[in-house]
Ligand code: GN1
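One chain comes next, on its own, written as structure tokens: the form predicted alone.
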């Protein structure tokens, strides 16, 4: 019988006391702990993480993707392909018996990685400088993987950003409605009805081969970056959602988080909208790193991708609310509904300001 987290650390060759292991981060999905311990080369810090196997059923495939991509990026950096002194990648600690996943039991999967001393992350974007650094970091990440064959990656979350799937899930939730919550979200349901066809058409256009399939991060929030003391973003983290995708998935998802003027669960929707200074800063940083690899079709649809991804995430929050909050962590009964309303309000503001957004993209291309 395992006694605690220190026992789990030992399977990675790390010696640590139970009192030196504390919760870390604010992620919705996995449970993460910071560990002060020792390995062969002395005392240092590590991150121990329990992977949510309800969300990620193919844990081995997830880690195979992660190791392949991080090794590719590291090799590119060593070749001087992208001369960025600060750019780093995650380094994982192997299990003593081999591999990178320790299974305590069937649904208890753990991994460990090095902790970057002096690093920190942000949960919110407080100024355009942070937004620009985020754009540069995620753009750099995409550029470093431009010559990596996306077909080498396993699809660990099938149809993750497929609007058709998300709509199917949504309508199933309305049909089932086990918590009798649908009656309270009639306005949100109408919001979805009004916009769903344009979102489906965009998905169909992408899948018709009009844009290239790339290796994409698929969860490009600001708290999935590490910053140094000078506030330079130097490492992309949380690579569990690495899969084949479109540039729109990464750019669009980043805009909805980097350029939102309010918290993700803000109740006062008058505070929610798109921060155009942050939009311009992120777009400038991202395009500076990717303009040499993006096709004309990709460049001309970046603005719509922000609307597409905002719609999808809002729809997912709404679906989870109707389902009784089975996917995202919540801290009160209406948490997912608050999140959905923020996304939909943000999308409305993007629709009003899309002309200005297009002008900004053209100016930085």
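Positions refer to the first chain, counted from 1. Predicted model, so just to flag it, every value in this text is computed and none were measured.
What comes next is about the form predicted together with the ligand, which does not appear here.
Across the options 289-297, 130-138, 195-203, 234-242, residues that bring heavy atoms within 4.5 Å of the ligand in the predicted complex belong to 234-242. Within 4.5 Å of the ligand in the predicted complex, a heavy atom is found for none of 258, 357 and 360. Heavy atoms of residue 307 never reach within 4.5 Å of the ligand in the predicted complex, leaving it off the interface. Of the heavy atoms in residue 39, none are within 4.5 Å of the ligand in the predicted complex.
Contact check for residue 157: a non-hydrogen atom falls within 4.5 Å of the ligand in the predicted complex.
The ligand in the predicted complex comes within 4.5 Å of a heavy atom belonging to residue 221. Shown here without the ligand, the chain has no residue in 88-125 lying with a heavy atom within 4.5 Å of that partner in the predicted complex.
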